[in-house]
Each structure stands twice: as structure tokens, then as C-alpha cells.
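Have a look below at one chain only, the form predicted on its own, in C-alpha cells format.
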């Protein structure tokens, strides 16, 4: 990704990230995370004590942390623009707002969308929030379903941006389905705080007022969703309650940066996570591919799928080659 950004003059910055343990109970998970990073080939990882934490993030509070120097930030809007430019220059076509309505396979794939018909020798479905639907249009009967979770963010007031230098993350807990709130400095210098995770009432529901009855009914009638709720009732309630109470959201942030106050949090944006959920109620935490003759469906692409997009493309190409050369 950094080479791509250099080639296309997309602004980015390799700033590093700390993963912060706020109490001793988190230490075993922090050490496990450190060892996993080493096993996956990350170099120059560092275990930090309290004093070293303050050297990198003076306003963060923790008993220990892992410093990941390879982490960075990028203007992904400009990355997407550069990708479109590359596709166009190589003879491809990018069509927006073009919902796929039917897929038919004979000798070749026929793709019928709102803007016309196309044919293809090989179909790759990376439809994000609608990837499961496109997969079913292609004839698959996999029962995994996308359940949309909205993640809401606040932005620190500009005069308080100094509280966060770069990226501050909590130690993930495998017992919980969501990572938890964290701090991310953007390429324009502002700091985002969040996200939480609440059920979106539409697959593209970026606000509570965004309601799509078809999407909502589909989520509420999916057995995997109710099994998920039964497995994590208190966490789901806490996420919803925190969405309604700014003070609770702030309290979660104070575990990482104690000086944060409610008045420091201004309006931010929101994203919708295209989360694949199994019929048993498990959140799929890894990539999930479905193969069929001359087609590959990427039904789950967990965060950070955006910044890992070129690496994911390499994986898709390898799998496509395997499909043509079994």
C-alpha cells in the first residue's frame, strides 16, 4: 500500500500504534498479541512500560503496551480514486449505484444490473454489505448472512487533539465480539474516537433515522442474530446504551486517555460494518470465501480491509488461478 501511495502521490504517514493494557488482567492477552505479531513477521515490535508509554503517548495511561511501528494512516478516499484511475487506464469500467439484479451462468456469466447487462468468464463478488445477497443470486445456499453493525465516532475538539499523538488501541479480548473504542489520528490531523457497535436498521444505515424494512426484517428473522444476542446480551445492551449516552462513551475512552472529558467530544461520522454472522450466532472474525465454478465470493472482509485491499487482491488472484487450474 505504501508503494501504491508513493506511485500515485496519495498522502500517508507511518506513525506507529500502541496497544494499551490498562490493568494487569490484560497482560497475558497483551503478551499473546506480541508473540502473534512476531510469528506473523512484524519487525521491531516493542513491549513498553508506563514510562515508555508516556514517551510515545504522554496522555495515555496503562501498565504496559505493545508498540507497532509499521502502523500508519492514509487518505483512503484518494486511494479509492487512484484505484479507479488505474482500472480505467487498463480498460476496465467502474459503475456506481448499479445494483445487481440477476446472475445467470451458462458458458459465461451474465450479470444483469440496473444499468445494463455484462458478461464475464469469471465472477468475483466483493459486494461488502450485500456480498451474501450477490452470492445467493449466483446460486449459493450458504446460510451465512451479513448483519449490519453501525460504528459511531466522535471527533476531539481541535484544541484537544494534542491528547492523542497517533493511534491508541485497547487490548482485544477474544471473549467479546467487538474490539472496543480507540483513538485514531487522521491524515488531516484530526482525532477520531470510537467506534461503538449497534445494529443498523438498514444495510446502509449510517444514522438511527435510516431504516430499510427489508434489511431490518432480514436481520430480525435470522436465527444467527438471536443466538448472537443470547450469547452476548449484556455487551449488546451496553453498546446500545453507550450509543444513547455520550457520558458512557466518554467513560470508555477515559480508560485509555483519562484526561478526555465529555465536552472534548464533538460530532463525528459513522460507518457500517459488513459483518458476516453464522447460523450458530458466531461473528466471523476472518476472511470468508465461497468458491463455485468460475466464481469467487468474498463474503466477509474484516477490518482493516481498506488498507489491506491490495494484499486481499493478491489473495483473490491466487484463488482465481487455483479455480482455473485445480
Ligand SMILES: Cc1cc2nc3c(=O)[nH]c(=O)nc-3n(C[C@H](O)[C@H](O)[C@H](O)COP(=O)(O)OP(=O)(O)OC[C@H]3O[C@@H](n4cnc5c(N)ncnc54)[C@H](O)[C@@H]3O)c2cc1C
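Residue numbers count along the first chain shown, from 1. Everything numeric here is computed off the predicted structure, so don't read it as measured data.
Only in words, not in the display: the form predicted in complex with the ligand, which the text now covers.
Candidate site formed by 92, 106 and 295: none of these residues places a non-hydrogen atom within 4.5 angstroms of the ligand in the model of the complex.
Proximity to the ligand in the model of the complex, taken as heavy atoms within 4.5 Å, picks out 268-276 from the listed stretches 57-65, 268-276, 255-263, 34-42.
Not displayed here, the ligand is approached by residue 153 to within 4.5 Å at the level of heavy atoms in the model of the complex. By the criterion of a heavy atom within 4.5 Å, residue 313 is excluded from the residues contacting the ligand in the model of the complex. The closest heavy atom approach of residue 283 to the ligand in the model of the complex falls outside 4.5 Å. Contact check for residue 223: every heavy atom lies farther than 4.5 Å from the ligand in the model of the complex. Contact with the ligand in the model of the complex, defined as a heavy atom within 4.5 Å, holds for exactly one of 245, 99, 207, 77, namely 99. Put simply, of 171, 134, 197, 181 only one has a heavy atom within 4.5 Å of the ligand in the model of the complex, and it is 134. Counting a residue when any of its non-hydrogen atoms is within 4.5 Å of the ligand in the model of the complex, the hits in 293-313 run 301, 302, 303, 304, 305, 306, 307.
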